[in-house]
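This text opens with one protein chain seen in two forms, each one given by itself as structure tokens under the names structure 1 and structure 2.
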Structure 1
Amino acid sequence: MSRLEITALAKGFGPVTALDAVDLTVPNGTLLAVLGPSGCGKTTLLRCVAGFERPDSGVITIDGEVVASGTSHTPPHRRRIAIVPQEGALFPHLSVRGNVAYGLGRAERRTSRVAEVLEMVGLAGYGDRMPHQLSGGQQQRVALARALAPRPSLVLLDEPFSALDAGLRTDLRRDVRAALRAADATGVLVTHDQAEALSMADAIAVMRAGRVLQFGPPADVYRAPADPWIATFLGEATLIEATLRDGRADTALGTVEVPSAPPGTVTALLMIRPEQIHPGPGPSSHAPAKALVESLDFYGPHTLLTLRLSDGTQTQAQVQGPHPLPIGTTTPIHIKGPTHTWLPT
């Protein structure tokens, strides 16, 4: 469909800076997740793109056409940008069919377009229901169908799953992603849920205090976060300060290989994810580190162990399935895979 480009976007509300020099690009047919804590400016970003807010400066273009800049402002209804708001916000006085057909022209209403998009979101045959007769998940599906029906150049999703329960969320995420792909839609998803952002998006932009801190594919951002705050915001992480010597570091977790380390001796901050820590002696020749099992959280497919290291540091390890180690035992641990480090600047 279309390509969204945002350059040096800035927006303030009185003394509060909501957006500060935001640069983002969303290529044709991909989904960008804007991830950040409440109040980071992600919703303001979405409202600027939709045209509900005027940016103070900066440029927003869709397929090279400027829709907003410091001087010009295309009104929302001429942007062909559809929005899926929080909690759906279906028109309560219209049926499901009325809602979905709302954005269609007179001629298009008579085609099979409504049935087509309802089918796409898995609600074929629900056209005559009223919004209050639908469950929360179904309402969100209708809101998505309503947004997709007029074939918008861009679909904006504003925390669309936050009001739903966990089981429903996973299903709906997958279906929404599939529906967006089927419609070949370019999308921007705003969320504070890292699992949602990582699992759905082609690219992630992490925002804090009005700025984009990091922008890239989900796997890259997860594996190599730009700073420690992003590392812990995206998931559990143990951060340890260590001295790197010839590509390896001696830590309370044992000796860690750091392939990317510069030659010589430097002090650096290491990030280790729970899934990289494994109980049991490792294959390496180094003496394994020891850890005390403090608590176990069993999740079904995996178990999260909270461990206390010999120097008092607390860390977490994620293992497959149930784990036989009882609380209070001491176990050797080792680390698998490359470790991300931040060198002092």
Structure 2
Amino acid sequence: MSRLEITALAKGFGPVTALDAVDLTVPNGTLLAVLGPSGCGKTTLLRCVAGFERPDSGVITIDGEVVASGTSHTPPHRRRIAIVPQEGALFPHLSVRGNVAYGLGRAERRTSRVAEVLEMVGLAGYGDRMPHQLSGGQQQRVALARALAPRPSLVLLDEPFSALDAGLRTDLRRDVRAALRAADATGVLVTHDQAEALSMADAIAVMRAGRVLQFGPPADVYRAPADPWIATFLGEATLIEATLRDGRADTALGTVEVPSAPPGTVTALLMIRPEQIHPGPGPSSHAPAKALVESLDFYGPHTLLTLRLSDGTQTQAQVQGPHPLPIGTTTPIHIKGPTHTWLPT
């Protein structure tokens, strides 16, 4: 495992700035998810770390060794970095065992290393199968095993689950994270999938227009986004203007406790997540807000209600299981619990 440090990294393609002074640190054994919309620079960042692109400026250090700077550039094959691409890219003429052993030296091929990593990714006993005999998820597991076999300094995962169906992605995310932990590997995952980043990573870097806007543990970034764009990008959110007075605010959604607000009066945007909004009267003595149910989206474990307030504000509420309220019903709503996110206006 290795520590990755990126300092003031910049890269442009003609008039387009792909990376703009990016700073990141990934400690040993950590999985970092780089999250952002298409074109934000996350794949360029990965390619610079891998050595496929030469940065215009800045420094990349892996385990204390500078691999890219203004004066030096270590080629990809000397960086001891493994890459798991979007699709497994297995050699079709080699067995599973042959694919995994491809990057190993002759001496290590004779050891039990191939069997070790196949067991690590849940494919013990699959060594003699050919790639066409595997499912898409199994092929991605083989690609991960091949990446982990040489004990790389760093594992880079470039949207490795994007070609898989939703149910398979969920299972494979869990298994890949477990395999990386078992290998004590440091990893960087590039993704545009918020659920993927939140569920897998130890830390998240949110990118936009070539810059890292926020970096931190997934729960912190989700609960306390640095700006309104991150709030709405990282999950559903209602942003509502309010005046905070001594830790509370009266809003169109009802009364909200804001324990992180400073004393006195502050005008701010409050961020309310759907799981905080509940149909039905709340415990407050204030008259509850009312909303029209415009649509219902049932997801099995929960239902997402789209609601319209009397002032025209649209919001969403997430409730457990199916919900009995039909579309067109007017219902009281309340906010459950405090909000710790407020953005000064």
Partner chain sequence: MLLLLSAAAVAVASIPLVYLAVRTSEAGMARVLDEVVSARVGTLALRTLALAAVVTLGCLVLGVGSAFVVVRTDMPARRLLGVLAALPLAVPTYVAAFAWTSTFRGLEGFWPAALVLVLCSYPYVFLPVAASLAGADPAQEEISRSLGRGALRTFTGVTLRQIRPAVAGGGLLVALYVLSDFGAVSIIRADTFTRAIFIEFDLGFDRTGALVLSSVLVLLTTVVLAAETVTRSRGARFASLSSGRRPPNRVALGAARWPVVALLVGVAGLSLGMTVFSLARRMAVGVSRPGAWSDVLTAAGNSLWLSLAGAALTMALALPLGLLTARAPGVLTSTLNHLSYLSHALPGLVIGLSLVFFGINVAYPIYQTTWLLALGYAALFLPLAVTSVSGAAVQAPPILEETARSLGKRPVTVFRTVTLPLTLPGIGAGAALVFLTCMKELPATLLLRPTGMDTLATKLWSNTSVAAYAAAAPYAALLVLLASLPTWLLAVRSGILAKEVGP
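Small disclaimer: the values here were computed from a predicted structure and weren't measured. All residue numbers here refer to structure 1's sequence, counted from 1. Here the rigid core means the biggest group of C-alpha atoms that line up within 1.5 Å when the two forms are laid on top of each other.
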Structure, 1 versus 2, that is the form predicted alone:
2
If we fit on the core, is the Cα of residue 234 displaced 2 Å or more between structures 1 and 2?
no
So, does residue 261 move by 2 Å or more at the CA between structures 1 and 2, with the core held fixed?
yes
Quick check: residue 129 between structures 1 and 2 - does its CA shift reach 2 Å or more after fitting the rigid core?
yes
Between-form comparison on the rigid core puts the Cα shift of residue 95 between structures 1 and 2, in Å, at 2.3
